[in-house]
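In the block that follows, a single chain appears as structure tokens, in the form predicted alone.
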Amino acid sequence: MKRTVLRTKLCDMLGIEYPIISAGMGPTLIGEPNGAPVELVVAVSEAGGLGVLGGAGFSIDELQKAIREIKTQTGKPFGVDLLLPKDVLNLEGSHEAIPLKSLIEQLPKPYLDWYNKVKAEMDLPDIDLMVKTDTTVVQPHEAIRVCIEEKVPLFCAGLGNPGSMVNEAHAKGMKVLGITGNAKNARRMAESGLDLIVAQGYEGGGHTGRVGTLALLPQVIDSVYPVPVLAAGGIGDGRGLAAALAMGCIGVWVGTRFLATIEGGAMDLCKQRILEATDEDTRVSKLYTGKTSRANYTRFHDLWDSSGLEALPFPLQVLLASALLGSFVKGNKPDYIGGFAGQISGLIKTIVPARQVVEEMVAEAVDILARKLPQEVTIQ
């Protein structure tokens, strides 16, 4: 059977068939499954798009092993997404891992008091989560080194500007991508030499900005020209893909729809929350990481709002939220358990293979662009 053709400049740049990239979703919190594991990366790339590994949460060795595992399962291009925060935890030392409990005990007194109060009032169990000292977030420069040594086709920065690594990456034949939620930051990224910019609207899951996708895309496209732009935030089917191409983007960066697939790495409960959600069942909060992020709404949001506390800086807030989430999981408190997800959740009703998501997005976009628009729009 003849393969559907839907090509843009993105396909030529990355050597892929379709202008669809799956977002590199890491774990929402310490101890949670990775949102974009090897299986999802391979499935999307094999389907003709480009799969991106969510590298946050991996140790440096685990990252290298995952990259090499992807290479054994597919010869197609793929990417790795890392977080490049300005501030990182100082966990250097002789320990291979540190008990999360011991790090929680070092938090400022108001936060520790609140944590202990919640545990006591809800009769939550202690947890035994360990915090690795050699994760890609704690040692981002080492993680970048691995990606360059492994010649990952596409390096993606889910947080921060990867401009400092562009020259070295280009020397290895790699492309570099950055994600932003406003035109000002997009311009800075473009000026640092990035190959691709993802403009993610407020609707998107995970870390997100304040500008809606429809307003953001043309402003970013204009501000970074001639650097090409991908659309993200509220895109989960062929209509979103067609709209992004019509706006002038060369492709799409899709998270939540791929999270809710057979290969997606979210907990089953979080996948079920996506299926049951309406367009209003996510919340933007600093609860999980100390930075604004969109996630499934749960009673954890209400609990945090009632604390009266300001979010701790990233990544200290991650420690606090992870400790409580771990206790909610162990203590069987499902009403308090959720994960990153976007407003497109209300459109997702089934868990399907990632290949099916790619194929259906392409087919629907082609039908819109080739048949529906010419039939429904008259131009004289």
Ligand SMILES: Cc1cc2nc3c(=O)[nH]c(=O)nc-3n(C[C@H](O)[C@H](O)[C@H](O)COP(=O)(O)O)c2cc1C
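From a predicted model like this one, the values you see are computed outputs, not experimental measurements. In this text, residue numbers run from 1 along the sequence as written.
There is another form of the same protein, the form predicted in complex with the named molecule; it is not shown, and what comes next is about it.
Asker: From the candidate stretches 66-74, 42-50, 335-343, 316-324, select the single one in contact with the named molecule in the model of the complex, where contact means a heavy atom within 4.5 Å.
Answerer: Looking at the partner contacts, the answer comes out as 335-343.
Asker: So in the model of the complex, does any heavy atom of residue 354 sit within 4.5 Å of the named molecule?
Answerer: Taking the distances in the model of the complex, the answer for residue 354 is no, it never comes within 4.5 Å of the named molecule.
Asker: Indicate whether the named molecule has at least one heavy atom within 4.5 Å of a heavy atom of residue 230 in the model of the complex.
Answerer: Taking the distances in the model of the complex, the answer for residue 230 is no, it never comes within 4.5 Å of the named molecule.
Asker: Though only this chain appears here, would residue 158 touch the named molecule in the model of the complex if you measure heavy atom gaps against 4.5 Å?
Answerer: Yes, residue 158 sits close enough to the named molecule in the model of the complex that at least one of its heavy atoms falls within 4.5 Å.
Asker: Taking heavy atoms only, is residue 136 within 4.5 angstroms of the named molecule in the model of the complex?
Answerer: It does not: once the named molecule is placed as it appears in the model of the complex, residue 136 has no heavy atom within 4.5 Å of it.
Asker: Across 180-211, which residues bring a heavy atom to within 4.5 Å of the named molecule in the model of the complex?
Answerer: Contacts from 180-211: 200, 203, 204, 205, 206.
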